[in-house]
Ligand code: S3P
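Let's start with one chain on its own, the form predicted on its own, as structure tokens.
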């Protein structure tokens, strides 16, 4: 079980919820990249943004990617902006990881994020507009980074089962359900 499965997608798409469930189903360890950064830095993501700005956070994120990418057998929930940097995508692929885009409809994301108080980029008056703008900008980049795309509009348990059923090149067992590739 050497290669990692890296979940990417817009904030609120379910990377953490799906990742935890899929890790159990697949017998893998789960790693939430934002949580890893928080533990490493002794600060929350919001505190890092406040002290060092987005650029300071992205530097710390890139360093964390280099560290976790080489640990084998993980399901990694990346941050919403992680795969927007080509160096992060390269680090995951160089270590043999497969990137899975959890593609979630804009309306579902806006509903899931309507009361969010944690994400620094959403602490603005017109949250729905910001979500729509970021979604339009980021979606093509998620598609470009991904090796596989999964429709993540369903509940997390359903999406996790879809993920666990994928036949990754490094899977130890073959499943009848083939991947839904892009």
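Positions refer to the first chain, counted from 1. Everything numeric in this text was worked out from a predicted model, so none of it was measured.
From this point on, the text means the form predicted in complex with shikimate-3-phosphate (S3P), which you will not see here.
Participant: Although the partner isn't part of this model, could you tell me whether residue 120 comes within 4.5 Å of shikimate-3-phosphate (S3P) in the predicted complex, counting any heavy atom of the residue?
Facilitator: Heavy-atom contact with shikimate-3-phosphate (S3P) at 4.5 Å: present for residue 120.
Participant: Report yes if any heavy atom of residue 31 sits within 4.5 Å of a heavy atom of shikimate-3-phosphate (S3P) in the predicted complex; otherwise report no.
Facilitator: Judged by the heavy-atom cut-off of 4.5 Å, residue 31 is well away from shikimate-3-phosphate (S3P) in the predicted complex.
Participant: Quick check on residue 36: any heavy atom within 4.5 Å of shikimate-3-phosphate (S3P) in the predicted complex?
Facilitator: Contact with shikimate-3-phosphate (S3P), no.
Participant: Residue 58: heavy atom within 4.5 Å of shikimate-3-phosphate (S3P) in the predicted complex?
Facilitator: Yes - in the predicted complex, heavy atoms of residue 58 and shikimate-3-phosphate (S3P) come within 4.5 Å of each other.
Participant: Looking at 147-155, 64-72, 124-132, 50-58, which stretch has residues with any non-hydrogen atom within 4.5 Å of shikimate-3-phosphate (S3P) in the predicted complex?
Facilitator: The contacting stretch here is 50-58.
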